[in-house]
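Coming up, as structure tokens: structure 1 and structure 2, two forms of one and the same protein chain.
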Structure 1
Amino acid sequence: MKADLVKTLQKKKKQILEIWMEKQLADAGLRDDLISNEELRIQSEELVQALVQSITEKNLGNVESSEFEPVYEILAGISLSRAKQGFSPRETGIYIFSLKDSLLQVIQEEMRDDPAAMYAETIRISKLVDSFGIATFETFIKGREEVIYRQTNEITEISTPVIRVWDGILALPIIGTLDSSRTQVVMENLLQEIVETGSSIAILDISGVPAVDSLVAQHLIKTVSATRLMGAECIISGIRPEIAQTVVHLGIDLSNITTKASLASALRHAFSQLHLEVRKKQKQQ
């Protein structure tokens, strides 16, 4: 009696796929902009094929069975590619759960005469597909995380430009939050550039840093200390009044650091350190 289910599924493979495809294509949320119907069909067929091939009477109740490995693998592949293509988690979820609907529909049709068996099998199939669903979400999130990871790396790389504003003067505008990994990148870039250009003054402009708490301040102090160890001076500019307020309220000691309100005044300070003078030209009559 029970052995029937596995056989039924194998026999009805085509039908399952057809019902599933029908459901997917009828769904209002079909993303034919992201994936062609043709591709969707190939993907779905592969999954149904793997499922009916790996399912046996023995493993049906055991979602952890290693025999389902091929199914999980295909699911992982689908999930990852969907995460990268920009599908929402809901859309990917609906994709898997509509497979459950199709399987259940076939079971209902086949076991119409035996409600007790139908009930038992429905639960078993539900459990199995639910487990597939969870695995899909896990990999979906992993796929997203990979995207985030890559973007984070890109952002850190492009967001710390070191600018040579004058012979011997470097400027480094920091935009965004300054955490410890970012500080490391900032420090490395700045110090490397100091060596390469032989600059003796570096201006760290923090106008683009949204907030300065004690941790950020500590990162700034570290950068200044490292610059000093190299034999160059580091000025921090772009300190907004709110930041000055928080710094004092938090009791952060910046007295050992040269701070300036604007990049312009930092530059003026740098010029005077290097004994340079910027003057307005006399008008020629």
Structure 2
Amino acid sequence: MKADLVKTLQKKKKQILEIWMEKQLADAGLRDDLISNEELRIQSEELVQALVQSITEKNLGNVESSEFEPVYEILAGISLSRAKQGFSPRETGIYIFSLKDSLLQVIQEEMRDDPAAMYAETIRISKLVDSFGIATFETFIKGREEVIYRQTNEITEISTPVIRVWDGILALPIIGTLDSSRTQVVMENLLQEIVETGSSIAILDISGVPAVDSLVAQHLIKTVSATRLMGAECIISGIRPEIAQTVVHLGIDLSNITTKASLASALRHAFSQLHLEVRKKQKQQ
């Protein structure tokens, strides 16, 4: 890139910013519900400032130049924040590539009398901004994966609550599919609560589990075994007719595990084991 054009871009950074902002604000898919126009301007101005200051005659063809580190850092911050805010990949891509359109517009205005040079410099600027776009997408994907991972963990924690229903009795309603990772969370939460409360009976209610196959049954058996090692009895409740048929059809042996059709039945059994009796109080005449 010619040195005078580098200086021109630096001198015209304000124009570049204005063109870029105009393109962004004109986009029908602008998400002003996620970011205000003022925040968008501040964000864009910071990126333009870092870009025009980083470009030199030598590094334009080297996208891995250390001089572009400030640009990549800003793009990484923008990508992560947009992933957390709920922007789509398309919206994030438009943000970066509309900057390329703005840069090319300035270049074309400056070099319109030299088509050959304009073409060559357009290709170089396009490759540079495209590399920025790729880096942005990579960071965006990582940010989105972090959000999904965090939300998955939060949902898992919420969907596996250990409830103290009575002194010495815990209940853990399981909702959704029971896989290996979730079984680990269930066991950890249940065993920790057994230690903290000194409970001797734990009820696993699977009324909210859509289906039971051999793998789910194995996970339940592991949880029961772990509970017994802690000195507590485990009762499985919520055995619906279709689940009972599936267990028999698969030949899964649950004969050494106490099972009940409902949570109420399991709770009555737990009261019996603890020699407790709950009776309805008669109204006094």
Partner chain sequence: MMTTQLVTLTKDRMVVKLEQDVVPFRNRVKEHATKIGMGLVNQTKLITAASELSRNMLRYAGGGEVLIEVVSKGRENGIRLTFSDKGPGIEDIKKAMQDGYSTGKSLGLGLPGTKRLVSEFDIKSVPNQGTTVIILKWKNG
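A quick note: this is a predicted structure, and the numbers were derived from the prediction, not measured. For numbering, take structure 1's sequence and count from 1. Just so we're on the same page, rigid core means the largest C-alpha set that superposes within 1.5 Å between forms.
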Form predicted alone - structure 1 or 2 = 2
task = Answer yes if the CA of L274 moves 2 Å or more between the two structures after aligning the rigid core, and no otherwise.
result = yes
request  = State yes or no: after fitting on the rigid core, is the Cα displacement of T258 between the two structures at least 2 Å?
outcome  = yes
Flag for E109, CA shift 2 Å or larger between the two structures after aligning core = no
request  = Report, in Å with one decimal, the C-alpha displacement of L220 between the two structures after core superposition.
outcome  = 5.3
note = Students should find the CA displacement of D167 between the two structures, rigid core aligned, in Å, to be 8.3
